[in-house]
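In structure tokens, the next block holds one chain alone, the form predicted on its own.
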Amino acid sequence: MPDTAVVCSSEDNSPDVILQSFRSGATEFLRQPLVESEIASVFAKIELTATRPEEAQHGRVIAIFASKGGCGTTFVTANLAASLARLSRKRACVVDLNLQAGDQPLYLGLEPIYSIHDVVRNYDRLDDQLLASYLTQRSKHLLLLAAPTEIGKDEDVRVEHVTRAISLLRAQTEYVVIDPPRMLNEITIAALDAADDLILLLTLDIPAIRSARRTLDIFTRLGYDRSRIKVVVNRYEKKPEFDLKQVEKVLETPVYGTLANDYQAAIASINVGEPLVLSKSQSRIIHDFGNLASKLSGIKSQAESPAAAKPQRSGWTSIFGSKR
């Protein structure tokens, strides 16, 4: 019965209970003791959702999670969203969930007026049209739901706000690309739960690969199917001491894609506030983002180029110990 709306309610209003409700398929959560106005608001939203044909449309949600700090998640999120928008000619929205220090406006060259805190303030009357008014446009097809800019506003954002915003964005955009914080808190897990594709981003260094293996173990405990997880190597350079096949053995997961290492091009795009993939640069990174967007969307990319030759194997996997 896919048209059935499930509403959960409990005297226990802890984030864990609310998160478990949404993970179990709840449409809304009502805190107890029940308030008549809140009940009316919830059922009004359910009825509104059921009558809107656009709510039946489902975009693709992609979350990008770094194996460790410094892997370039913000840069990859902005450029992947821009690549998907350019390739599909459809709307892609970046959701910045780094609530205390969101930098997506800098990478996209935007000055947002609204943020996810406006979702919090108007949650009781939130619908797709109101949420659309809180998005900042980079172009016709590239949008941003920004993190709060004022100190302390992040403390007001709860799991249900994030879950509802992602659900509405999924209904009105083709792609929702989430930049979550590195910390695995309730909000991060709620965002990862909502993702159709979970990109695990790492760099080719021993700490990042070790951390990626631990992260994959955590994802397994969270019940994430390995088919959802896409391992992507950022700042990739072909080196004899780092063989992607050896990385795959350590992670027990195939490498889904690589993004070339071009520091000068990347930092130049950040400094001018323009996604690299929208610039006139000839950087190899642009081709790599095109290939990644093509694989995720299923749309053939003109940026596709022959895969780089695989480097020679080496024996560095002994650093990680025996295979599990």
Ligand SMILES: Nc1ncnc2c1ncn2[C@@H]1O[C@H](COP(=O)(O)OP(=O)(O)OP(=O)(O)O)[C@@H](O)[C@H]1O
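Don't overthink the numbering: it's just position in the shown sequence, from 1. This structure is a prediction, so every number in the text was calculated from the model and none was measured.
There is another form of this protein, the form predicted in complex with the ligand, and it is not shown here; the text below is about that form.
*Asks:* Can you tell me whether Leu34 touches the ligand? I mean in the predicted complex, with a 4.5 angstroms heavy atom cut-off.
*Replies:* So Leu34 does not count as contacting the ligand.
*Asks:* Consider Ala82 of the chain shown here, and say whether it contacts the ligand in the predicted complex, taking contact as heavy atoms within 4.5 Å.
*Replies:* No, Ala82 sits far enough from the ligand in the predicted complex that none of its heavy atoms falls within 4.5 Å.
*Asks:* Any chance Ile267 has a heavy atom within 4.5 Å of the ligand in the predicted complex?
*Replies:* Flag for Ile267 set to yes.
*Asks:* Does Ala260 reach the ligand in the predicted complex if we count a contact as any heavy atom within 4.5 Å?
*Replies:* Contact check for Ala260: yes, within 4.5 Å of the ligand in the predicted complex.
*Asks:* The ligand isn't shown here, but in the predicted complex, which of 72-80, 161-169, 247-255, 119-127 has heavy atoms within 4.5 Å of it?
*Replies:* This holds for exactly one stretch, 72-80.
*Asks:* Using heavy atoms only and a 4.5 Å cut-off, decide whether all three of Tyr175, Lys230 and His287 touch the ligand in the predicted complex.
*Replies:* Result no, not one residue of the spot touches the ligand.
*Asks:* Of the residues Arg214, Lys239, Arg226, Arg182, which one places a heavy atom within 4.5 Å of the ligand in the predicted complex?
*Replies:* The option sitting close enough to the partner is Arg182.
*Asks:* Within 4.5 Å of the ligand in the predicted complex, counting any non-hydrogen atom, which residues from 189-226 show up?
*Replies:* None of them.
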